[in-house]
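Single chain ahead, written as structure tokens, the form predicted alone.
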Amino acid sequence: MNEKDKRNVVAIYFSGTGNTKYCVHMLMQELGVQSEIYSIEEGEAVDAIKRYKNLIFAYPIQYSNLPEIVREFIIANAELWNGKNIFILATMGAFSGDGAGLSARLFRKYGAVVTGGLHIKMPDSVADVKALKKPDKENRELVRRANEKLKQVAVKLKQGKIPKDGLSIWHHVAGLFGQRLYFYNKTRKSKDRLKIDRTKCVGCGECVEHCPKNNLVLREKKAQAKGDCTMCYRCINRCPVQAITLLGDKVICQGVIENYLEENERV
């Protein structure tokens, strides 16, 4: 990434519990980029994509797949990607194979040039499944290692050495046959599987406020899902009484990025 590209780049991201947002901000900071950063939930994101040729596009991997809200955003704005140069950053709780490749194939379909890919391992956010759960100390260490990797990648990008994580055919095979086909049957009905324990729900509206798809509403002072969940786990991790689950039957450990950062590290 040369000096001209650094000055003319916009970062677009989706973040469920804050991991991806944190990594995007850290990468831009390490690159020394004074530029715009937008969530796909913000109306300004589409206008920014129109104005910039060079993009950093970031998202979390959920069970070895794209979050539905990210896929929908890419498809809904198909005409915007033609001729764009896109560097993809994917955060994940474990190895995902082709995390960056998942969106890269869509972007290329719509005429974009995918310049590179980066995979960053972060604390797991699937609060109601035991897999990948770690003590807070280990999660803080994951964030520290992520910071180090982002610093190293920033140096390489400045030198024009662009990582290609998740973009090869071998990554695609590993992601598809190693994980995605297995998880597909486990998560294909996730849109309407969100469960809310009405005996626990206190009607605070925290979940309604944070849902990126407006899937949650308050009715009779209790939260209710409308059947359009994107599996971001934002509501589950932020519910103050742990009344919401998705794939599991109880909340094992809530995790948002703020839990693993010092006050001066928060973005």
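Keep in mind it's a predicted model, so treat the numbers as computed, not measured. Numbers for residues come from their place in the sequence shown, where the first is 1.
Same protein, other form: the form predicted together with a small molecule, not shown, and the subject of what follows.
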property	result
Which of 199-207, 218-226, 61-69, 47-55 sits within 4.5 Å of the small molecule in the predicted complex, heavy atom basis	61-69
The small molecule contact in the predicted complex: T245, any heavy atom under 4.5 Å	no
Heavy atom of D165 within 4.5 Å of the small molecule in the predicted complex	no
is_contact(A94, the small molecule) in the predicted complex, heavy atom dist at most 4.5 Å	yes
Close approach of S103 to the small molecule in the predicted complex, 4.5 Å, heavy atom	no
Proximity to the small molecule in the predicted complex, single hit among L89, A146, V126, I86 (heavy atom within 4.5 Å)	V126
Partner-contacting position among M231, C239, M28, I40 - heavy atom within 4.5 Å of the small molecule in the predicted complex	M231
